[in-house]
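Next up: just one chain, as C-alpha cells, the form predicted alone.
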C-alpha cells in the first residue's frame, strides 16, 4: 500500500516552482529526500505533511484524498508526526512536559502519557534529564533528541523529519538514527530530508534527489547515489 501519492503537483514560492509529476512513498519505507540547498526539499516535505497545499495536482494519504477543507485536513494530519529543521521547544516546560505535549492535546490518559513518554525517553537516553524543570541548559544534541522524542511519541503512521541530525553530536545522531530504524521496524513510514552527508542516509530504503524544484533521480536501497 502507498503511504503518500502525489500527482501533477505544482507549488510556486515566489520565483521558485516545485513540480512533481508523480511520486509514491511506499508504506513502511524510510524515504529519503536529498538535494542541494534551494532544491525544494523543505517545500516538498511541507506538502507531504499537509502543512501546505499545491496550486495544482492532488495528493492522497494512505489511500484517502487530501482535503482542501482545513478541518478535514487537520484530522488527516493527526496521522503525521512532523519534525522541523529548527529545534523548537517550550522553554518554560520540563523535558517531560515537552515530550508529552502532543499526547496531552490529543487527550490521552495520564497513564498512557507516562508510559509512552517513558518508553521514548529511555530509547533516546533522555531519562537522566526528564525531570529538569525547564529545557534550559540542555546541550544541542539533548535538545534535538527532546524535539525528536516529542514527534516520535505520537501515535502517527507517517513521520516526516527535516534534517533530524543537523548540528547534533555523534551520540545523539546514533540514538536518533536507531530510533528511526525502530519506527520502520514497527511498520511506520518515515520521510527524511537530508543533504546526504550524515549516516542516516544508510537507512533509506528508497527516495529521490531534487534539483531546481524537480526530481533529478529516484533511488532504491543498494543503488549508488
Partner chain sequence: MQFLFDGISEAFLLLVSGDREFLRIVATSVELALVSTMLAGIGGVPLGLFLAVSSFRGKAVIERMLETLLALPTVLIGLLGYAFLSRQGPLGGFSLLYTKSAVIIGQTALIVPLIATMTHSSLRMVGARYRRAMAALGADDLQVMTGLLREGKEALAAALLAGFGRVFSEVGIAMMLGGNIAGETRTITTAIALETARGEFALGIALGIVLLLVSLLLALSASFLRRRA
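Quantities reported herein were computed from a predicted structural model and do not represent experimental measurements. Positions refer to the first chain, counted from 1.
Same protein, other form: the form predicted in complex with its partner chain, not shown, and the subject of what follows.
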query	finding
Non-hydrogen atom contact residue 109 with its partner chain in the predicted bound form at 4.5 angstroms	no
Touches its partner chain in the predicted bound form: residue 121 (any heavy atom, 4.5 Å)	no
Contact test in the predicted bound form: residue 130 vs its partner chain, heavy atoms, 4.5 Å	no
In the predicted bound form, residue 46 touching its partner chain (heavy atom, 4.5 Å)	yes
Answer range among 171-179, 28-36, 187-195, 46-54 for contact with its partner chain, defined in the predicted bound form as heavy atoms within 4.5 Å	46-54
Any residue of 147-163 that, in the predicted bound form, places a heavy atom within 4.5 Å of its partner chain	150, 151, 154
